[in-house]
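Quick setup: one chain, the form predicted on its own, written in structure tokens, and binding and motion questions come after.
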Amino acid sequence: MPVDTEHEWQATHNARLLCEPLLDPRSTQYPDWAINVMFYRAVHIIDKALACRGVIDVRNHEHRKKSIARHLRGCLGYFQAFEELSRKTRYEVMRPTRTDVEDALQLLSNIERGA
């Protein structure tokens, strides 16, 4: 299976998960998890766009950011902000607010349009 197709599958899979009542970003009791699923949907959208440009060996977020800067410049700021929000919910025990969830939805939308 081509790399871009694998990323498309995972991005779609994550989108379906976000449609489940448990993780629906607008009504979930688990906004931290919803933000992280949205972030990883964005990761796969970006990785698919990079794969379509011949960048298939993205090893980590730092390498991904360098590749975004080179090939998807318009997405870099969105990715960095999204990565930071996701990191805070995962490692700093940040309790996301409704505003944080709305910000995540907007970041995802921006990445979907820009990739």
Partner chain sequence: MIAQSSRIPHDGICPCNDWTFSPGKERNWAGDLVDMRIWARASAASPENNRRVLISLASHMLHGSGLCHESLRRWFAGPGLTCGVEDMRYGEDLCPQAAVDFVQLLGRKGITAEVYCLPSACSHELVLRVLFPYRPSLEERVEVGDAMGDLMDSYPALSIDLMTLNPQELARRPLPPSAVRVDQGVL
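Model, not experiment: these values are computed from the prediction. Positions refer to the first chain, counted from 1.
The same protein also has a form predicted in complex with its partner chain, omitted here; what follows describes it.
- Its partner chain is not shown here, but in the model of the complex it comes within 4.5 Å of a heavy atom of T99.
- Remark: C52 does not count among the residues lining its partner chain in the model of the complex, judged by a heavy atom distance of 4.5 Å or less.
- Taking the partner from the other structure, its partner chain in the model of the complex has a heavy atom within 4.5 Å of a heavy atom of Q80.
- In the model of the complex, its partner chain lies farther than 4.5 Å from every heavy atom of W9.
- Heavy atoms closer than or equal to 4.5 Å to its partner chain in the model of the complex belong, across 83-115, to the residues E84, R87, K88, Y91, E92, V93, M94, T99, D100, D103, Q106, L107, ordered by sequence position.
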